[in-house]
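Listed next as structure tokens is one chain, alone, in the form predicted on its own.
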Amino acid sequence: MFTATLRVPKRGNTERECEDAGRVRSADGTVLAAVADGASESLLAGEWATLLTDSLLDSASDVLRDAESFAAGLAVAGLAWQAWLDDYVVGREAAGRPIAWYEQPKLDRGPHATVLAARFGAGRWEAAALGDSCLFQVRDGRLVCAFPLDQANAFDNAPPLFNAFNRDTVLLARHVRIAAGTTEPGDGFFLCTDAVAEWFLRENARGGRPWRVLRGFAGDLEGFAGWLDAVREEGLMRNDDVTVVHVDLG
């Protein structure tokens, strides 16, 4: 079993400004993975995406059963965010940089993100998503599952987002999508935030094999960043933060 994470900011931004997050953990033959895409209009969107993925992996064995369980896991992440934010505000004050008047409204509104989490093991995978981050399953050189979106034209500028202060689990569950399937040795999975997910589906639709491209950059972040520059320049991918978590079952 092999796992790798590739994370690159939009062109013109630094790594610190990247508002995507990707996490993967493995133990006892099970792999847990998650990606999140913080909304740029939010303050601290990248920090929220990171906390959200970490929180979901902490409870992945419980939150991937159904939409209601995933919504409950999101609410738990929101509670963790409130504690993180309280510490952040105190830290800013201690450093002599208290929250500015123009920052407060965005802090009060809370950060937003799309998110997808998955578990792989014992011949089965399970996933849950809110928004347009996607999972792709590849077997024997073909795409066998695309979740939650399966067409490039399904992406738009207003995907469902999870606000860190949203505790309405009933409402959240209405926007959660759940999927599950079987795994076989040699299956490859790619968890992708929206820009690279849209590219992946477009390439697949025209007969390409985008998984080969992504698999070729395993462990080569510099090469991946260079490739992104080229495809963005050609207009083949939107200039946005990009994160890919690759899980290869070998």
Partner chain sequence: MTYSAEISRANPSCFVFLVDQSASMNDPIGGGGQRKAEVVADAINRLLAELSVKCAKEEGVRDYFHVAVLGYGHTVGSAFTGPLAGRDLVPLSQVADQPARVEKRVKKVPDGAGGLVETTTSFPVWVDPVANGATPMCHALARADALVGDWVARHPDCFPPIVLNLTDGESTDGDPATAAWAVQTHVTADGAALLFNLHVSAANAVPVTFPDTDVALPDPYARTLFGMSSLLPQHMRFYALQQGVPAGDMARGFVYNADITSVVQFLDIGTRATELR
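Just so you know, these numbers come straight off a predicted model, no measurement behind them. Numbering follows the first chain given and starts at 1.
There is another form of this protein, the form predicted together with the partner chain, and it is not shown here; the text below is about that form.
Novice: So the partner chain isn't shown here. In the predicted complex, which residue out of Leu64, Leu201, Leu44, Leu51 has a non-hydrogen atom within 4.5 Å of it?
Specialist: Selected residue: Leu44.
Novice: Would Glu103 count as touching the partner chain in the predicted complex under a 4.5 Å heavy atom rule?
Specialist: Although the partner chain is absent here, Glu103 would touch it in the predicted complex, with heavy atoms inside 4.5 Å.
Novice: Would Phe155 count as a contact of the partner chain in the predicted complex, using a 4.5 angstroms cut-off between non-hydrogen atoms?
Specialist: Because no heavy atom of Phe155 falls inside 4.5 Å of the partner chain in the predicted complex, the answer is no.
Novice: Does Glu17 reach the partner chain in the predicted complex if we count a contact as any heavy atom within 4.5 Å?
Specialist: Looking in the predicted complex, residue contacts with the partner chain include Glu17, since a heavy atom lies within 4.5 Å.
Novice: Counting only non-hydrogen atoms and a 4.5 angstroms cut-off, does Ser40 reach the partner chain in the predicted complex?
Specialist: Result yes; Ser40 sits at the interface with the partner chain in the predicted complex.
Novice: So if I measure heavy atom distances to the partner chain in the predicted complex, which of the stretches 133 to 141, 115 to 123, 146 to 154, 84 to 92 falls within 4.5 Å?
Specialist: Looking at the other structure, the answer is 84 to 92.
Novice: Indicate whether the candidate residues Arg109, Asn163 and Leu171 are all in contact with the partner chain in the predicted complex, with contact defined as any heavy atom within 4.5 Å.
Specialist: All three within 4.5 Å in the predicted complex.
Novice: What residues in 1 to 24 sit within 4.5 Å of the partner chain in the predicted complex, counting heavy atoms only?
Specialist: Sequence-ordered list: Lys10, Gly12, Asn13, Glu17, Glu19.
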